[in-house]
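Two versions of one and the same chain are coming, encoded as structure tokens; call them structure 1 and structure 2.
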Structure 1
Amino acid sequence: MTTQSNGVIDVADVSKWYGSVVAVNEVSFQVNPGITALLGPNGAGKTTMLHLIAGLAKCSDGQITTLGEPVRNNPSLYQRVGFMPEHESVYGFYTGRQLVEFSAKLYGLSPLGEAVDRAIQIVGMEDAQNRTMDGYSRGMRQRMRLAAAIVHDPQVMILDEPLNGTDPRQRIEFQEVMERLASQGRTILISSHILEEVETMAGRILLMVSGKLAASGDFRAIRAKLDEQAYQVRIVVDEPRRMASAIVALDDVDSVSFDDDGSIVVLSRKVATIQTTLPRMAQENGIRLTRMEPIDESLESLFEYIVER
């Protein structure tokens, strides 16, 4: 059965509930070629959403199509889709290469060698490909799982938290790989609960909070919204009163208050500026700054801010 679709992935009024728990609530969006990030705090419903899109779970209501076809029980569609689940379980007795070969065989690829080599090369695991999956670090396992998910060179990639366990260098490499694949016309949907992980590569983001789509669209526009929020930064100095007086004089500061433990809490809409200004200010005034930390930089608070607006 082929249904009319507007996006490569078309999610229309989709809900998913388990008993009385609503995991996804009337969500609609489309995903087109390029990189789209599905963002949201833990428990927002991202994984459920991706499972629904991949066809692993059945929608309680609404419908999802990929490349114009229904996603449930549609083996022929899976030839054109690659899915990497969030959980890291793998067949630990396989070597990395065997896992990718296993995947390639199930996709019916022949001959295997070239496709497997290419996938392993993409994730940069040529040197470690013959070690068992159980012997890999978390990041290496992630990369091999990614290789297994893209070995058949799919048109659509659905990757659930693919950057878990990767180090900064691997993230940059991963970003380059994704950008290259996206530039070749592929549609890539990546989930993450960490904004910074995906902000440099995703052109479009979908924000999920509490099972609902809180916002969607161009990354910069949403980022600008996020930047309007005031952030709290806690600083600990040896002379809090003198430091607080100096901080109040700054233009970028909205308010200054003291916590019970004597630390100073600074509220500002320009947290990046604050983070560079305050240490310099302390040094110039001969004040010893022992700690400086953002209080509410979690994605949850950012998302809640957007939802409230």
Structure 2
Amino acid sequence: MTTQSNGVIDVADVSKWYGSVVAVNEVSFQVNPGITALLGPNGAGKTTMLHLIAGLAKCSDGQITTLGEPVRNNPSLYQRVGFMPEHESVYGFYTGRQLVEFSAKLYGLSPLGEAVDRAIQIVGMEDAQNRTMDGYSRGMRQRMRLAAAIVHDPQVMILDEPLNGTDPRQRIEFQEVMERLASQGRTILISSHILEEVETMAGRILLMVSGKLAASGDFRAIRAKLDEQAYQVRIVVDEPRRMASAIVALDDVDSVSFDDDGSIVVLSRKVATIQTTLPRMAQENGIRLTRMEPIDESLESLFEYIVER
């Protein structure tokens, strides 16, 4: 009998429904060592899918295995899996170190000191570990939550929207940490609704829309589909009118407008080019660029476009 070769995470014909609502519909994929991104608009079923993979919810149909074992009601497997939920559930009066120590206790680690020190060092939070969490920036909180999720040195990491709410610098720092972890042979599955967040770190992208797997492949394959349609990017700078004047002159820009909050909205079919050109343009003109992000509504229409194709 021939044994089928499965991935580290194997999702086979999985569905999840709540009454008449179908959250995940016959999804199949495999995840192997490195960083894989689960991409899709809000409400696509990403969080439900991650909860199923983490064993926090039961499949209505199909099956999921991680490291060759079923994920539901399997405490021994949980010792090899780290899960970081999207929403924070930490006490602000805890110091960062106390949060990681608490997580270490839940995983039954003893003694705690060495494991806690290692996790905090990995995320680069040694200097701030004894400060209370309510004094942290969003990026610092995310990194310390990551330390809590990896304190038991898991082989598999499941991260739900870990970059949500972070600024560009914090995103870079967080991505560097995850890339180091992946280079050590770990399997990392990270969800996001923003393509540019996963562009530089994910070797493979799984695109979910309306509970279904719409596409999978490397960034270039997904980008090629997205680049067929124009989409909007919001730019926040300290001199919007001067920046807008410079952007208008670009051949790859379809239109430039201003939002009510003063931010610039750029419509382009050459997203990859725009993402590299605008930061350089701002620097050359002495303009401070503080944010550059796709607009969710536009992204959702693009995801729907891919499904229709």
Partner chain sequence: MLTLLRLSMRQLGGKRRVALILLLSILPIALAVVVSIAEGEDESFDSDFINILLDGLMVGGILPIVTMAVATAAFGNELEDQTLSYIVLKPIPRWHIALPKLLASIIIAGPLIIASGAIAAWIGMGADPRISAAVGLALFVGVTTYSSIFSWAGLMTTRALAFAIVYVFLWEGLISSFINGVDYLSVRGYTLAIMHGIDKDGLGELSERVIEFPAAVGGAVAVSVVFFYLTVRRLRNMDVP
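As the structure is a prediction and not an experimental result, all values here were calculated from the model. Rigid core here is just the name for the largest C-alpha set that superposes within 1.5 Å across the two forms. Every residue number counts along structure 1's sequence, beginning with 1.
- One chain, two forms displayed separately, with the form predicted together with its partner chain being the first of them, structure 1.
- Remark: with the core as the superposition reference, the CA shift of Y136 between structures 1 and 2 reaches 2 Å or more.
- Taking 2 Å as the criterion, S263 counts as shifted between structures 1 and 2: its C-alpha moves by at least this amount when the rigid core is aligned.
- Taking 2 Å as the criterion, L52 does not count as shifted between structures 1 and 2: its C-alpha moves by less than this amount when the rigid core is aligned.
- Superposing the rigid core and comparing between structures 1 and 2 gives a CA shift of 12.6 Å at L278.
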